[in-house]
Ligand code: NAP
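So this first bit is one chain, no partners, the form predicted alone, shown in structure tokens.
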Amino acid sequence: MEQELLGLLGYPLGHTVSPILHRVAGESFGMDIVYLPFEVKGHCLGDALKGLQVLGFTGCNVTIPYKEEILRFVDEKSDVVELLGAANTLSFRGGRVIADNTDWEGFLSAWRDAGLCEIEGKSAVVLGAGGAADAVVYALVESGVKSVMVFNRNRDRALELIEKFKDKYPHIEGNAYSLNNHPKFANLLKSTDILINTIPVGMFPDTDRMPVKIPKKINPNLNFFDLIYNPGETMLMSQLKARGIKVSGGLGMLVHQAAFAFKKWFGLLPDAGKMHEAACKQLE
């Protein structure tokens, strides 16, 4: 059985369960998948990509903090990547690097699996404005969300994120705020339907931290999704759940984006349920 080489580029990567996800995905089709995580410093990103091509890799995933920077080194971008300016899946074909994004599909599949509210016509607040936030906002606007408010440490970056969607989705109400604008955040949470965290604050091993403080008054029908998957329940999730809010962690999104990436590489969609089960075992 011929081995298929896949990789992951990011920094740091101590928390990743991606190797087990893709190994299980391959097993269901009788494939021998070798999936290797590579912690790469930013100045070596282009060289790392060339190395994977030379070594005969089929493709690789890209994670924090390189989903946007990696586009400097690719030859072709999907329409979604052109719009978002961020990629999480690269395929190596005929000496070319082709960039795609499966994060947005992964998010929507995980949102549905978690039994959270219908997105159409709802209002949303998104924390963070990096590559993952791009994919989440795209998923929201494609699903008919009414409004999206983005909070980020750098407000200008959040404003850029909102503006990139204004031309294609002129009916969407959107605005950007500094993460330090606590009064605005508190006011929005009184009525917003959806809260999504894309900021890695609170991720293992710094599990005792939160990107924001939850205000006293919040919409009791709020739906919260945290892209962090390790730990399975972040402090932010725990505090909201204690107040009766419906919450979900990010493991489902990780699993589904991996399944969609696998399909990009091999034309086969693996069983996300088996992948999820394997990831849970590893995290335990």
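Since the model is a prediction, treat every value here as computed from it, not as a measurement. Only the largest set of C-alpha atoms that superpose within 1.5 Å between the two forms is called the rigid core. When you see a residue number, it is the position in the sequence shown, counting from 1.
Below, we refer to the form predicted in complex with this ligand, which is not included among the displayed structures.
Contact with this ligand in the model of the complex, defined as any heavy atom within 4.5 Å, is confined among 152 to 160, 77 to 85, 114 to 122, 185 to 193 to 152 to 160.
Shown without its partner, this chain lists Leu108, Met203, Leu71, Val97 as candidates; in the model of the complex, only Met203 has a non-hydrogen atom within 4.5 angstroms of this ligand.
Remark: Gly174 does not count among the residues lining this ligand in the model of the complex, judged by a heavy atom distance of 4.5 Å or less.
Interface residue remark: Val34 is not counted as part of the site for this ligand in the model of the complex, having no heavy atom within 4.5 Å. Contact annotation for Tyr229: at least one heavy atom lies within 4.5 Å of this ligand in the model of the complex. Using a 4.5 Å cutoff between non-hydrogen atoms, Cys44 does not count as a contact of this ligand in the model of the complex. Along 238 to 254, these residues reach a heavy atom to within 4.5 Å of this ligand in the model of the complex: Gly250, Met253, Leu254.
Once the cores line up, the CA of Pro12 ends up 2 angstroms or more apart between the shown form and the other one. After superposition on the rigid core, displacement of the C-alpha of Tyr229 between the shown form and the other one stays below 2 Å.
Superposition of the core reveals a Cα shift of less than 2 Å for Pro215 between the shown form and the other one.
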